[in-house]
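Okay, so here's just one chain, in structure tokens, the form predicted on its own.
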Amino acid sequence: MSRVVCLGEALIDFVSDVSGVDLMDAPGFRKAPGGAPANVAVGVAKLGTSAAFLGKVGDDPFGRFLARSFGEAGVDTSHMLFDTKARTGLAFVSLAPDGERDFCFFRNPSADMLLTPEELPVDLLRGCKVFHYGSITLIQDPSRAATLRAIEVAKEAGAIISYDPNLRLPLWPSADAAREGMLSGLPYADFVKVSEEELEFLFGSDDVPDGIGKLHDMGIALIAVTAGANGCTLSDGERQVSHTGFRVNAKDTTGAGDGFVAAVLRHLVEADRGTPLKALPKDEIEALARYANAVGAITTTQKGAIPALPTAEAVQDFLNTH
């Protein structure tokens, strides 16, 4: 039984061959497996903890490519579904000189949007230690209903619930709908990873400690606020620990946040943290911030998320030299 189960979208990222151009001027694209929850599952597996991915893709070459890619990375894909009526989602991505991204999505609808509660593998959800989900499957039913049902099943079985309120405005009807939908996923979670940009979007302020306080007021035990190359802040409600991050030659930031999440989830499982998720010792939260930042930093040094997500050995080698 997989110790971490991730539910959500899996899609193909077509990444521009050339950095520093917009999508209109990109001369060509490279195919890469993607989707934030799928990236987290791969990240967990590559770090040495068993992980499964739950989601629906099209019964098409792209969907089969995704299943093969995740499986080759060590993820349990036996519960992935292949829809014969909807295609696998596509995203075209351009890269700025600093590795930041611009997206154009093709979903009308894509198969990941059509996952239903009845299609969930209940036994898998009841047996996991950590259940992770994102905000994209909360955009509309039936995937929203499926996500909420999965949370309910895993939570009732005592799993740690992890949430990434991933901001992808082009996928929502409006900014207000995005804010409402992303906020709706927060009260169920024990752990939340949110970027500074997402925190400001959710609460209308760039005051990070205030935003962290609001998240804790919702009952969230462990919060990570990421700041890209500037590191992160981890808060367990009793203390806030900041780590300045690592300076690397960033080529593509795709998957860096997902790698960060994977590092945290792997730690919560291996440290045998159960629910309710309690405050972590100071040295443990400091070490976790450093480790998760290292995973995120390493992930930016190659193009594409899955090829760049590191093994535990690679992370240790990195930390030994930084």
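Here the structure is a predicted model, which means the values were calculated and not measured. Residue positions are given as counts along the sequence shown, with the first one as 1.
There is also a form predicted in complex with adenosine-5'-diphosphate (ADP); it is not shown, and the following applies to it.
Residue-level contacts in the predicted complex: of L148, A250, L114, L90, one residue has a heavy atom within 4.5 Å of adenosine-5'-diphosphate (ADP), and it is A250. In terms of contact with adenosine-5'-diphosphate (ADP) in the predicted complex, the residue from G34, G257, G55, G63 that brings a heavy atom within 4.5 Å is G257. Across the options 174 to 182, 119 to 127, 80 to 88, 226 to 234, residues that bring heavy atoms within 4.5 Å of adenosine-5'-diphosphate (ADP) in the predicted complex belong to 226 to 234. Annotated contacts: N39, K46 and S162 are all free of adenosine-5'-diphosphate (ADP) in the predicted complex [non-hydrogen atom within 4.5 angstroms]. Although the partner is absent here, F201 lies well away from adenosine-5'-diphosphate (ADP) in the predicted complex, with no heavy atom inside 4.5 Å. Within this chain, T300 lines the site of adenosine-5'-diphosphate (ADP) in the predicted complex, having a heavy atom no more than 4.5 Å away. Among residues of the shown chain, S94 is not one whose heavy atoms approach adenosine-5'-diphosphate (ADP) to within 4.5 Å in the predicted complex. Of the heavy atoms in F105, none are within 4.5 Å of adenosine-5'-diphosphate (ADP) in the predicted complex. Within 4.5 angstroms of adenosine-5'-diphosphate (ADP) in the predicted complex, the stretch 188 to 217 places a non-hydrogen atom from each of K193, S195, taken in sequence order.
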